[in-house]
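In the form predicted on its own, a lone chain appears below as structure tokens.
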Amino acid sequence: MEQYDVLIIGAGVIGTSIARELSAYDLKTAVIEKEADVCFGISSRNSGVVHSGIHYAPGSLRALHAVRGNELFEELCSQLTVPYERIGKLTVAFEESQFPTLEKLYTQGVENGVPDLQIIDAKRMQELQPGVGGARALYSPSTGIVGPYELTIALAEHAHAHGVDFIFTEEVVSIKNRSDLYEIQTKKGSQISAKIIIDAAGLYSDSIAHLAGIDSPRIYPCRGEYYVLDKRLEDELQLLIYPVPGNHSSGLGIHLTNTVEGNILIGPSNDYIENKEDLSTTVQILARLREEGHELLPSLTSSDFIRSFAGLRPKLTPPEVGGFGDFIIEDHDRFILLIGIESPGLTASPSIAISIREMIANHIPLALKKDWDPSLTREERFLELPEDRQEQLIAEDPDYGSVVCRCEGITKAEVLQAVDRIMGPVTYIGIKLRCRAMMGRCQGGFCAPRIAEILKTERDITIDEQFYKGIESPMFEGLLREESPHE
């Protein structure tokens, strides 16, 4: 039985943030994940917004970790070579009846320590974002955007480079407290023990807690649907635009969000569902997203909508209550429970990681590694490099001269680099999240067959061994025709 000091359950942004924080210390740490890779759950299906902290009740864990997390983000992303932009946000009131809510958000934000907040009139709004609707807005300059999957993957890669083990496709089904050790068994029969367990299982954190005999609150999955807009509109939106939220809303309202890649997102909706795996989108909600998107950004055309997707929130408040519950972060005899870490979980992740490290120090003496380096160097995207550097790379490696994904300008060399970075089973989603192939307007129609051939010829991964998300989702099924012996 493999034994660890700390076992983290869940490889989303919270789990990998904690793993990276702990990798600086002389601990034997592992992350166990039921999926085939990091960031296959809710961490890859959100707006990628680094929130300022205006929306959360003063004194709450959500407020504390959002504001401190926001302050930590710029240095963290610089260290990990992850794209991050502090672009600011307008929370827009469209009518006078919403002005009191705007004032409440301003007062709340000031009390939480959010810097440089301003309530501005329509004229100033137009200066910041020409064409925006609304009568008044709360301007929060500290709001930013980040690539959520790029960050999660970078955190995992940095942690792994500093000694953290990652165990994929292993679902925890049993947790026993044996005095000084927890014993974990997986669905496959693997057995692992650890002095401390961190429950960072997101939507399933309640189920994991129950396995350990902890009476945790129930998680209610809440689905948010999004539209992805074409990069044609990249320069249309100068900052984030949110509506004033309703009093009992389960989210922050449908809004326009820039991404670090240049697309704009419209969403999310907020609908409680029963199934924690249901990531479907619906005709009715997508129609509403189109309508509200046009209201916020009148220049939208039908051809600008290139893709839809959905994410899930692990809410602690039931449908009849709505709104938000506070984060729960508790130490239950060396079982550290993190539950209800919905928005602003991404923003809060570096701050939460520090708090978890402090909790662990109450049980295990922590000694810093002398050789720990906070930085992680990664190659820039080929398309973003200066022309002379591109020519140099092509001369050194002709695969840089072969474009695989036309929409995003991704080269064969970058696809191969993405494959080699995957720490678990190679999947198309894993490749997509690492290099952006298959994320453009054609959504893989052009590049997916080329990636299949690259995996087969360059990495000896046969068609039967190529998976979309994991071993239960083969990328290809059957043959259109039998191969000729002369082919």
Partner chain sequence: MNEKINVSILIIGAGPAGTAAALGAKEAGEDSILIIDRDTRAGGILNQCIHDGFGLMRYKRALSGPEYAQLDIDSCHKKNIPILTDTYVHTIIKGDDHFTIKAIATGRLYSIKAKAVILAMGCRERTAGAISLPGSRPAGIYTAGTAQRLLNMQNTLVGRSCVIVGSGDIGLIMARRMTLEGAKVQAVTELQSYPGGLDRNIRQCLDDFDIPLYLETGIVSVHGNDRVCGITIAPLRSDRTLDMKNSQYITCDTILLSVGLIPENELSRSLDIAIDPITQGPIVTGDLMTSCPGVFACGNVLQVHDIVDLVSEEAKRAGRTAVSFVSGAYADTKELFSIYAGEKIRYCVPQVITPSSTTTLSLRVTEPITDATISITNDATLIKKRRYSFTQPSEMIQIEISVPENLVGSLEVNCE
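Computed from a predicted structure; not experimentally measured. Numbering follows the first chain given and starts at 1.
This protein has a second form, the form predicted in complex with the partner chain, left out of what is shown; the following refers to that one.
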Residues in which of 213-221, 119-127, 226-234, 161-169 have heavy atoms within 4.5 Å of the partner chain in the model of the complex?
226-234
Would you check whether the partner chain, in the model of the complex, lies within 4.5 angstroms of a non-hydrogen atom from each of Ser280, Cys442 and Arg450?
yes
Partner-free chain; cross-checking the partner chain in the model of the complex, the single residue of Ile328, Leu366, Leu383, Ile354 with a heavy atom within 4.5 Å is Leu383
Out of Gln98, Ser308, Ser343, Asn112, which one falls within 4.5 Å of the partner chain in the model of the complex, going by heavy atoms?
Ser308
Check whether Met475 has any heavy atom within 4.5 Å of a heavy atom of the partner chain in the model of the complex, and answer yes or no.
yes
Would Ser402 show up as a contact with the partner chain in the model of the complex if we use heavy atoms at 4.5 Å?
yes
Flag Leu376 as yes or no: does it have a non-hydrogen atom within 4.5 angstroms of any non-hydrogen atom of the partner chain in the model of the complex?
no
Partner proximity in the model of the complex: Ala361 to the partner chain, non-hydrogen atom cutoff 4.5 Å:
no
Give, in sequence order, every residue of 359-391 that has a heavy atom within 4.5 Å of the partner chain in the model of the complex, or say none if there are no such residues.
Phe382, Leu383, Glu387, Gln390, Glu391
